[in-house]
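Only one chain is given next, in structure tokens, and it is the form predicted alone.
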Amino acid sequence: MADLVVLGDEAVALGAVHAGITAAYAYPGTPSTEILEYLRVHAARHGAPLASWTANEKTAYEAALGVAFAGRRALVAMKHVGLNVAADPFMNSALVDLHGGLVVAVADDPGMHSSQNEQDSRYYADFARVICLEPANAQEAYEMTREAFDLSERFRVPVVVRLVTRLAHSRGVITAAPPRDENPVRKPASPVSWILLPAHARRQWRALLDRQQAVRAYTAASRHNVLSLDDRELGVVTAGIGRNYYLENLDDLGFVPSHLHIGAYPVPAEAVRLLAGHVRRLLVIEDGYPYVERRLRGLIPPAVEIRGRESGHLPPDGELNPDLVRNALGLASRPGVELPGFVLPNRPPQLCQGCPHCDMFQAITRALDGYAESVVMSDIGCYTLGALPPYNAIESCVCMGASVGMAKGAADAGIHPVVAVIGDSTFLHSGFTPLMDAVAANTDMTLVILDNEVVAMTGGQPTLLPSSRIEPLLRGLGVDPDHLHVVQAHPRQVDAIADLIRRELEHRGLSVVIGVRECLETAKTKKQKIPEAVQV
């Protein structure tokens, strides 16, 4: 096949296609969004695989698990905090007897370019006792994804492919291999192995533990874990993309350190011990938490010095880069170009001009004017930018759906008035369930749903349900129709919406206001011709 230039995310997607997947599921979340976007374009061209956006990461994982139950191969993709949402089925799926390949592509975000935290998904894989593969470039992302399906069926567990932002969103050349066919439909030989009643689950847990020796034997022999013993003073351990930063500085060192690269987990213990027995000190270069660094401290003698993020030789937070690794290797910093008197202006992110969220924030601010004590809980989405000037309209952003639950808690604590702000897609993702609590208690709060018809923050993916179906959904949930309103979010309506919200603030019970107007950027895109996708 011809070489292709693709994003790291797209390399994962193509690897899954060529591994013979039947279906892929995801909820949009930067930096993983492009995985399913690529698959949807591919499916539109070729009729397969099924590539579906879902309500949230948990539902995505469970749908993929159903495909694996049928003996076929499935990919589920998400960002790192999305794995928190999918953690329940993920952890338990390590105990069922998988016979159809299930691969979890997780894109971590060191540096928090578009996330609330920097959590490292390698810990989840370790927690679940499953294999994790960590590519360093697009070619490895393609190859590891293909291999991950084979490993999933071989060891009968889900396999994690861990990306980071810098790989997910950078382009590289890949050489693809011939695709394989889909698996036939084949139900489990013993359905009991999928029924995690305690008596069954105990046996499955023991079976998983018994397979750990075989898993460790795989990583010990994996071509993704490479050891070279050279210099006897310094040994370098790299993981994933950290290898790229090390190799970029290698020529300037003047010698070749001993080197262990880790691309497959669990950490290959014997290779670590061989390296530690050959050198006096180790430098661990990994993007994310000091996961490998901590593992080494339990594997090698204390006499061998270990340097890395935890020791302070590399920063404990943020992305790595070649210059940080250069300093950790003991090389002099490379001077940058200084331009005296040239100061770049600060350019914080902001809502688009004419965004419907702007109108709703103005209305909320006006409605709250004059109250001595009030709170506006917000959520994950473009509208989180309402925390910044000129709006200064929101006071929280924690995790998907938290605005509704936090508003209920603040109201329960005695604050009045309390407003929760959430987008339409986020509401369907995880705002619906906490609203049930508020409905059951008739909590004294006002929920404002900002319905712009798309998942705007991640590029305009379609919301799972159209605007017209959210109001009947709320009615069915039990929201009082007298305190359920749908308004048009428009500059000419700001005063009227503010008056409406103020009336609902005075209602001592639950009220919901839905502000509807399509995202401007999505509306523009609809008018433009969509460029042709790469033929694959």
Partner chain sequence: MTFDIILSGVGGQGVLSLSAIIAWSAMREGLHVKQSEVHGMSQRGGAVLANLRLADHEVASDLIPQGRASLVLSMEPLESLRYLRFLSPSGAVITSLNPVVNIPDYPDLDELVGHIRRLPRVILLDSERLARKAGSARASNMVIAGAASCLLPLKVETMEHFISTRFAAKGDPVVRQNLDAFHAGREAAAA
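Small disclaimer: the values here were computed from a predicted structure and weren't measured. Numbering follows the first chain given and starts at 1.
Just so you know, the form predicted in complex with its partner chain exists too; it's not on screen, but the next bit is about it.
**Q** Can you tell me if Asp323 lies within 4.5 angstroms of its partner chain in the predicted complex, counting non-hydrogen atoms only?
**A** Residue-level check for Asp323: yes, a contact with its partner chain.
**Q** Just checking whether Lys187 would be counted as a contact of its partner chain in the predicted complex - the rule being heavy atoms within 4.5 angstroms.
**A** No.
**Q** Spell out, yes or no, whether the shortest heavy atom distance between Pro198 and its partner chain in the predicted complex is within 4.5 Å.
**A** Result no; Pro198 lies far from its partner chain in the predicted complex.
**Q** I'd like to know if Glu504 sits close to its partner chain in the predicted complex, meaning any non-hydrogen atom pair within 4.5 angstroms.
**A** Glu504 lies outside the contact set for its partner chain.
**Q** What stretch, of 263 to 271, 369 to 377, 336 to 344, 187 to 195, brings heavy atoms to within 4.5 Å of its partner chain in the predicted complex?
**A** That would be 336 to 344.
**Q** To verify the annotation, which of these, Ala456, Ala125, Val421, Val103, has a non-hydrogen atom within 4.5 Å of its partner chain in the predicted complex?
**A** Partner contact (heavy atom, 4.5 Å) among the options: Ala456.
**Q** Which one, Pro301, Pro178, Gly254, Pro348, lies within 4.5 Å of its partner chain in the predicted complex by heavy atoms?
**A** By the 4.5 Å heavy-atom cutoff, the listed residue in contact is Pro348.
**Q** Counting only non-hydrogen atoms and a 4.5 Å cut-off, give the residues of 23 to 38 close to its partner chain in the predicted complex.
**A** Counting only heavy atoms within 4.5 Å of its partner chain in the predicted complex, the contacting residues of 23 to 38 are Thr30, Glu34.
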